[in-house]
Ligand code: BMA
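What follows is one chain in structure tokens, specifically the form predicted on its own.
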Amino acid sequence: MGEAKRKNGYYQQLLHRYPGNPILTAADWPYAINTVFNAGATRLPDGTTLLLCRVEDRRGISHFCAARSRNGVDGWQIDPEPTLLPDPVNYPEEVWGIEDPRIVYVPELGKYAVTYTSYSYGGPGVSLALTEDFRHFERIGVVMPPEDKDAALLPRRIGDYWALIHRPITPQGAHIWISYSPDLRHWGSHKLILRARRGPWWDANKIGLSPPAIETPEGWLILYHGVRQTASGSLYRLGLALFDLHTPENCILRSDEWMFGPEELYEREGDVANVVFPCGYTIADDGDTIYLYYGGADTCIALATGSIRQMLEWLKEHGHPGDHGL
């Protein structure tokens, strides 16, 4: 019934799946892997789209491998060997792998900031690395200790401070926070900015940032995932929230409804069923069209396109002011 309503136009479709999905699977890889999913994304100066893909081997340990495409859709050229491997000798927090990269280009530094989950005995934490070319990486190391994940920098300072959106697990629950730093290494002024709701809501109990925030004239637009626990397991869907440009801890609007969820077979069936999980996007030259790259069922990478303007219009119609966490 829900699929029929969507196709009949009862619900506005904000993201349109690429008909050739999934765009990358383990079968495309030049070396043996189990799955590929949850890729960070950016457009390089020559217009090439780069995906920094999470690749999981058959031990269950993840690393990163870059894939490049002229049009961001097909013709992917994949690095012949891992682009960034865990380094548990020098960075013991990576002993169980590195996962879910988010990429932000930082003009002040002239570098790309890659935030990712470093997985160790203590659980998942947030680590940061800088790169100019996705060949050489300067690891900053852990910036948020376990348990924490789903993190991305804002691409510019807020006043004198860098800002990091992330999702710690605290006695208060699994909510989205923001923290500030003068140097990318020492973090403080931690503020809870978006609460998981309670009860039957699609985003009850656990939420997290999906790709990095999108800067718009109206504020920082955030796509976030909500995890609903059902009788058959977790169900990952996406919603929208808008935060103030100058004080990004202030939520302007938050959607009540989810706007994108698992429907297709490659999203419904895989190593982890019923998951759509974007970690990266690119924006076309028109400044409005978004190419959203997401993991399907923790098994493949898929693509959906949409309009930032339409997302903002939808949020105004389907959202409420403030955090509205219940």
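On a predicted model such as this, the values are computed, not experimentally measured, just so you know. For every residue, the number given is its place in the sequence shown, counted from 1.
One more form of this protein should be noted, the form predicted in complex with beta-D-mannopyranose, which is absent from this view; the next part is about it.
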Exercise. Using the partner position in the predicted bound form, report whether V272 sits within 4.5 Å of beta-D-mannopyranose, counting heavy atoms only.
Key: yes
Quiz item: If you check in the predicted bound form, is Y224 within 4.5 Å of beta-D-mannopyranose, heavy atoms only?
Solution: no
Quiz item: Given that the partner is absent here, does K149 sit within 4.5 Å of beta-D-mannopyranose in the predicted bound form, heavy atoms only?
Solution: yes
Quiz prompt | Close approach of E94 to beta-D-mannopyranose in the predicted bound form, 4.5 Å, heavy atom | solution = no
Quiz item: Just one stretch in 42-50, 28-36, 274-282, 260-268 has heavy atoms within 4.5 Å of beta-D-mannopyranose in the predicted bound form, so which one is it?
Solution: 274-282
Quiz item: Hey, with beta-D-mannopyranose in the predicted bound form, do R54, Y236 and D298 all fall inside the 4.5 Å heavy atom range?
Solution: yes
